[in-house]
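Below sits a lone chain in structure tokens, taken as the form predicted alone.
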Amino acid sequence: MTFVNLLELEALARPCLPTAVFDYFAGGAHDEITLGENRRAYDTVMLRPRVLVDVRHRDLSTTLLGARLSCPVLVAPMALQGMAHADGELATARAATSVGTIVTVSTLSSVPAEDIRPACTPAPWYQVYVHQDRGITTEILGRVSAAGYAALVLTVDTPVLGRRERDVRNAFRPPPSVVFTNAAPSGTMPAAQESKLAEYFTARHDAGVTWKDLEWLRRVCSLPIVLKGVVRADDAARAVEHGVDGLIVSNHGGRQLDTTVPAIRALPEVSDAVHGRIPVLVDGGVRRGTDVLKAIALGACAVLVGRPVLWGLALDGEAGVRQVLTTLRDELDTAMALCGCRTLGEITRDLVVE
């Protein structure tokens, strides 16, 4: 199935998925205000294009933590992609490779990390949660390091799981055929009320992780560390002081604390606090090439896209994900031409009005 733009995808994918699975992918925390604002906030940022610039030749490529990418659009970490398509994370990884960008593999992926790695060029990043049993986390990090992953993405906005009321109503649990292949010795769900995912997460996740644990993380794994979930300037500055290698401005796609500031609104203060010392990325609500351009103008070096990848995966597997990524890339190329930008470096803050 083909589509014209990413805004169409959710409605197209809905009939392809069981209700509980669709709601798990689509839903947010509580009243889903942040979920909606992530998208609407991009629409409030206006563009001020330059004119009479020779834009016959444009270069969308960039370098991120040593990897050369064809465009500044990465795939965000998303759990249990096997619920969207039988090939799950493998299809997503192959699509990202075909476009020349990075895929971030979730701790809660439905395909083992080692099986995903050969499908990826550039090398993937691995998103990590810290388990109460640090031995489990150490074992996982040893596996991904040995497999050749390029970076760790430590999610820092999830000391506990946000209350996702769609999942509560559905008593969400993955189908028996889809398990957490990396997260723990037992990848199965407990039998319980409300969201089984929430109970599973609470029973295993360490809510006591602090800044000092970055030292422990470095001792057990030498990969670069990117913090995902930063929305404040003071946290961004502190991250630089602690020697992290990158930041992702994110509110977890509106799935954690409802009424959290939209990521694109938080981006400028985080970027300003970092002062270019480490790369800053942003996720949440990216649906158009103009969104990518706006994010770069406001201080990001790249964006990560999440739910549209899942919808493309549900619709047409690897080909669907590829079309999602190429659509964003092509729209960014058009937006750059119309804004008088030949390279990503020419996308500057004077192009936007907030």
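On a predicted model such as this, the values are computed, not experimentally measured, just so you know. Start at 1 with the first residue shown and count on from there.
A second form of this protein, the form predicted together with a further copy of the same chain, is not displayed here; the remarks below concern that form.
Each of Val168, Val261 and Leu338 comes within 4.5 Å of a further copy of the same chain in the predicted complex, counting any heavy atom.
In plain terms, the part of the chain that comes close to a further copy of the same chain in the predicted complex, with a heavy atom within 4.5 Å, is 53-61 out of 66-74, 53-61, 298-306, 314-322. By the criterion of a heavy atom within 4.5 Å, Ala237 is excluded from the residues contacting a further copy of the same chain in the predicted complex. Looking at Gln256, you'd find a heavy atom of it within 4.5 angstroms of a further copy of the same chain in the predicted complex.
Heavy atoms of Pro159 reach within 4.5 Å of a further copy of the same chain in the predicted complex, making it an interface residue. Heavy atoms of Gly208 reach within 4.5 Å of a further copy of the same chain in the predicted complex, making it an interface residue.
Contacts of stretch 269-299 with a further copy of the same chain in the predicted complex, defined by any heavy atom lying within 4.5 Å, are made by Glu269, Arg288, Thr290, Lys294, listed in sequence order.
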